[in-house]
Structures are given as structure tokens and as C-alpha cells.
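First structure 1, then structure 2: two forms of the same chain, each alone, as C-alpha cells.
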Structure 1
């Protein structure tokens, strides 16, 4: 028995958080026997148009509501506190500074992110620092994902695990569109998050 902790990090815009995120995080946690998973809401994501993103405090509030009933789920709000754009490599460094132990870190990401990982800042350094956990995502080709994992392992000695999660074709974009079009979002995200969206008249 080793007492080195295994910790997962899950970055995202979470605009809003939904069951795709939660199922992925929980499946990875139980599959890899992680001690905790930290959700890392992005401030101004490098890959997204910052103007169209919901206020960070509202996105944070929704993440808090969504994870309240899971004792393993926590929040690392480093990126939200930064005025400037943040990159995962900096976030990982800040996280390592925050926890004093020498935990093994896992970065959980859906296939769409893993396919474009070579556009991330200092991704080669990231491969040295953390183990990636890639999950299939509906709309992404699994064959391509597995090819990409082999490619990254061969070229950069990346450590990447492929975890099978039940496919949920849920995305924040789709949820925002449904709200705009007056369609139901029930059962796509936790009730408490749905209530929060209604109360704050989000995504109208």
C-alpha cells in the first residue's frame, strides 16, 4: 500500500456543467481509484471567444451545485482568479504548489480536446508532469482518438490512458441552444443547476 495520493483534474468552461462532465469524472475516479477530482473552471479559455462566455461567478456557482453531493469532487478556482488567459501548464504548476504532497496527477479530458493537444502551451512539458486520461466523446471518431493516443505516446512519451465511459451525447453548446429555442433541458444536467439557470435567466 502506498500513501501517494492520486488526484484528477478536470478542466472546462462548464457553461453550464452537465451530466457528460459528471459521468466522465465519476467513471474516471472509480476506474483509476482516484482520491479526489478537482474541477477547474476556466477563466478566459485560450481556445474560446471570451466575450460569449457566461460570467465566471455564475459558472462557478453551477459547478458548486452540481458537485455538492459527491464527497470526492472539489473545485480548484485558480483560473477564475486570473485576469489574463490561463493555460493548463500554469494551472498544473499552481496546483502542485498548493498541495504539499507529491501526488500523482491525472488530467481528464474528452476526445475533442485530446485531438488538438499540440496547440496547448508547452504541451511537451505537460506530458512530463501529468498523466492524461482521454475519454471518447460522441461526435468524435474512436479510431482517430486511439491513433492520436498512439501518436502522442510514440512522439512525446506521453502517458495517456483511454477510459471507457457510457456515451452521453450532451454538450454545453447543445444545452444553451435548447434553452434559446425553448426546449427542455431536464435530465441533461442536475435539477439544482437547471433551477439556477431558470432563476438567473441564463442563456436566453
Structure 2
């Protein structure tokens, strides 16, 4: 039996983390028989305005609350400790250096990110080091996505898996808007996270 672990990395701002994230992580873990999923909260993601993102310690606290009852879910907070902008290629290297240098890594991301992956820092190196798992919502027109996956495989020998996840219809943006408008967010995210948002008056 091999000692090599299969580990999923799931990055995101998680602002806030919700059931879409959790269902995706658990579905990928189960389908691919992964040993663990590490949630990687973004520090200063290069594609987002850092001034509009909730404080990193609050986002980290919400992730901890959300994953507390799943023994396979863990946190890699490397990006939160960096002051400068963070890139996936650096996070993957740090994970190998700090956690497990021999693990087979599966990087879980939204299908939309696969469409623009050639804009990522050192993306060709990433194709060599990790297996991508691109998630989309059922019913979406995935023709372009499938074409992109074939293109990346043909041109870069990329290893990419595609999964459809119903719960991805939930979004952090929608949850923030609901809170601002005074609408219910119940059943969109764990009760503990909802209570944390209320107690800390987030997204008002």
C-alpha cells in the first residue's frame, strides 16, 4: 500500500464561506478518495481589490467554524501570513515545503478560472505539479469549458478533471447582498457561520 497521500487544495476568499464551498470540497474528496482537503483562504489575491475583502482573521475564523465537524477538512493559512499578493504557484510550493512534499495535489477551482488560467503566474509549472479539478454548476453551457480543457491538455499536457456541483448556485456575493438588504441567509451556510456574521456585524 502506498504512503503517498492524495490531498485537495481549495483556495478562495471565503467571504463568507458557504455550503457551496463545503459541498464541492466533500464531493471532490469522496469522488477522488482524497485523504484530506486543505482550505486555503486568500491573503491578497491578485485578481481582487484587497480593500473590499473582509479582514483575514474574520474570514479565517469563519472557515474554522464551517469545517469543524469534518475530520477530512483542514486549513493551510500560508497566504494569510503574507503581506504581499499571493499566487497559486507559490502556495503550492509552500504546501510541499511545509506540509507534504510527496503528496499528489488536486487543486479545486471554479470552471471560470480554468478559462483564464493562462494569465496565472507560472501556469505551465502548475500543470506539471498539480491536478486541476474544475467545478461548474449543472445546466450551464459547458461547451466552452470542455473545449478549454481539451486545449490545455493538448498544449500543456495538463491534468484536469471536471465536476458538476449543484450547490455552486450559492455565492458569497449573493449572501453579502442578502445581508445588506436585510434578507435571510439561513440554509445557505452553516448556522455557526451565520451566528458569527451576526455577532460581528459583517456585511452591513
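Just so we're on the same page, rigid core means the largest C-alpha set that superposes within 1.5 Å between forms. Bear in mind that the values here come from a model prediction, so they are computed numbers and not experimental data. Numbering follows the first chain given and starts at 1.
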(request) Could you point me to the form predicted together with adenosine-5'-triphosphate, 1 or 2? (result) 1
(message) Rigid core superposed, CA of residue 99 - does it shift 2 Å or more between structures 1 and 2?
(response) yes
(request) After aligning on the rigid core, report the distance the C-alpha of residue 137 travels between structures 1 and 2, in angstrom. (result) 3.2
